[in-house]
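Coming up, as structure tokens: structure 1 and structure 2, two forms of one and the same protein chain.
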Structure 1
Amino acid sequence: MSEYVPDERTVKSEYILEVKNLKKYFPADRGLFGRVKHFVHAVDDVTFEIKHGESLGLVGESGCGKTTTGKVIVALEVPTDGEIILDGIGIEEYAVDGFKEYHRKVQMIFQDPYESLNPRMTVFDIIAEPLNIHGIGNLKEREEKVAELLQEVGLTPPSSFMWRYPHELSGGQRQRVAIARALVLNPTFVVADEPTSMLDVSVRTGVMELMMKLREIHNMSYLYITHDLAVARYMCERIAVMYLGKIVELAETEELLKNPIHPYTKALLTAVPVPDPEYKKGEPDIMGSVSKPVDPPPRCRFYDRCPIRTERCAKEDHPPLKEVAPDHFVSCYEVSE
């Protein structure tokens, strides 16, 4: 089935994806009557690029805006402000065909496989649907393709999974169906939102190897959202750390893990659990516990919880991302100046 490879790509830009000053605000009020007065600043002026064939890891606090960033990129949410450019072409230009072409190139693996799979479709229908929509292959070819993917994500034998419904699958099995569906068209860019969060090491390794293999063959790129830094280490060339709607640190993976600079990144690395019941982990150096993204005051977003804050951090607006070492960007007054 040579049609599966939608290559013949004429690369238009150095980057597969450019995100410029992206903002997404949600109304936070009950909002039944009258004007909305308060907003959740889910994504608040975020800028990054991803090269062809590159994977960028996106990590950060639960609720900091990772999924929202992903949804805006795949055109499921309309940005409040900012630009999304896919391979040199602004996302708005894809609106002409209702984003059909865009969704052939760009896919999202959703965070919650209990909510994202259509309960009335069989595993086969779910995975083959994108092939259907784009008129690729005949029935037999589609069955072969689906079986091949099921095998590769460890749902074996494929014949025993193909005709089941999502409610007849375990959490991690659903997650793998969602992955197979997103990859079936060989997209050029995938937003993978915690794609392996329910998988044990052994099964997860197989899935990550598949994602890496497809990346090699098709020169794909990923925005890989994860809480698992060991996974990010394996999958991603660079990692961006997000806190309350802002990217606070961005660097090459090994550099970030060895030499974290932002106080939030440091706290995050200290809190990584260690698989040893006798090991006593350090306390992450972070204050308070609840972060509040509703109408954040104009100062460093990490101020309330920061162990090294000074008066300046409260007086000035959120610090800009600055290059503190080659390709290592940090947004913090105390460490980046």
Structure 2
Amino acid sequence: MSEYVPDERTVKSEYILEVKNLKKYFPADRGLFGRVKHFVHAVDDVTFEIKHGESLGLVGESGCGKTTTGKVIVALEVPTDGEIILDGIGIEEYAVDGFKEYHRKVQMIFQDPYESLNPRMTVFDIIAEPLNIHGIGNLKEREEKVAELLQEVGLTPPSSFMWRYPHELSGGQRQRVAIARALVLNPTFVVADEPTSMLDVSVRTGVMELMMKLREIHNMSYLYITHDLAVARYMCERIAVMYLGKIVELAETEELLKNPIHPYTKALLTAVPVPDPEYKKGEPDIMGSVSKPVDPPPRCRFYDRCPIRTERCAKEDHPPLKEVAPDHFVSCYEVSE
């Protein structure tokens, strides 16, 4: 099969992905003449980098902007502002060919395998569709490629799965098909949006181990989106904690879990269940519920729920990420100075 060959613009960088001051706002409502009156600040001034071969976990409670960040990175949503740089090349340069080249390098594994697969297409059609779109290989070569990927993701023998429809597969098998579809173009970067959260506990570990194995085989990097810190610990070298559109803490995985600094990170860790019926946990040191993301005030996003807030937190803009320890960044006036 003819493989994808990068064009002359490809420039190797220290990072496979750089996200700089990324913003994504959605209109909340419209007034007279369709003028937008309010905006949902889904992603608001987010910055991070991912090295070649690295997996970065993006964690936080539902509605904090994790999935929107992933969709903007894979060009399923248009950013309001900010930069996305893939291997040294800005995403705007890929827009010239309608992002076809970009989507050869960047793919996404969606959360729900019951919704992300077309029920009218066979497994072969689902996995081979990207090859059809990009004009790679003939029919025989595509069948060989699909069979090879089915073998890699553990759906064996491939001939017994290739012509089935999604409704004939279990949840774990569907997600393996979704992973195969994401890998068929040999991408260098994959956004994994909670790929195990819809699966039975009994098959989650198998899918996670598969993703780790494929990452090594294909030399890929991951942005792994999850609300489960245990999964992030297993899958990722670093973790970024997100709250209401902002990254509030970023560090190496073990450093963040052993030495959480931001009060929100501490609350997340306190909420993690302990498999011991006799262990008594305290309540997370956090107040109220998630604030509304519609036109939030410029102050710290965590102010309304923070147990250590001060007048400064209310008067000044949201604090920037500051390095408080080697490669450990925190967005909080009270703990970073």
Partner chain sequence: MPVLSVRDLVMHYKTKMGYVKAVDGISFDLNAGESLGIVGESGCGKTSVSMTILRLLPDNAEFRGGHVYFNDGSGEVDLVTLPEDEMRKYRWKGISMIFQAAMNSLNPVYRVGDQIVEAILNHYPDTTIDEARKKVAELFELVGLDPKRMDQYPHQYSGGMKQRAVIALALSCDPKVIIADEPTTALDVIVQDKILKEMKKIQKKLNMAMIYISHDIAVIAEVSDKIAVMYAGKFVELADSITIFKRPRHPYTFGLMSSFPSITGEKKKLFTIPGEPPNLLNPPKGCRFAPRCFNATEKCRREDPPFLEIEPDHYLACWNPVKREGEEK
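Throughout, rigid core stands for the largest set of C-alpha atoms superposing within 1.5 Å between the two forms. The shown structure was predicted, so the numbers you read here are calculated from the model rather than taken from an experiment. Each residue is numbered by where it sits in the sequence of structure 1, with counting from 1.
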In this pair, it is the form predicted alone that is given as structure 2
Hinge between rigid units, forms compared between the two structures, options C236, Y303, D87, Q107, answer Q107
Two rigid parts, one fixed on its C-alpha atoms; the other rotates between the two structures by a number of degrees, namely 16
For P113, the CA shift between the two structures after fitting the core, in Å, is 3.1
With the core held fixed, A147 moves its Cα between the two structures by a number of Å equal to 5.2
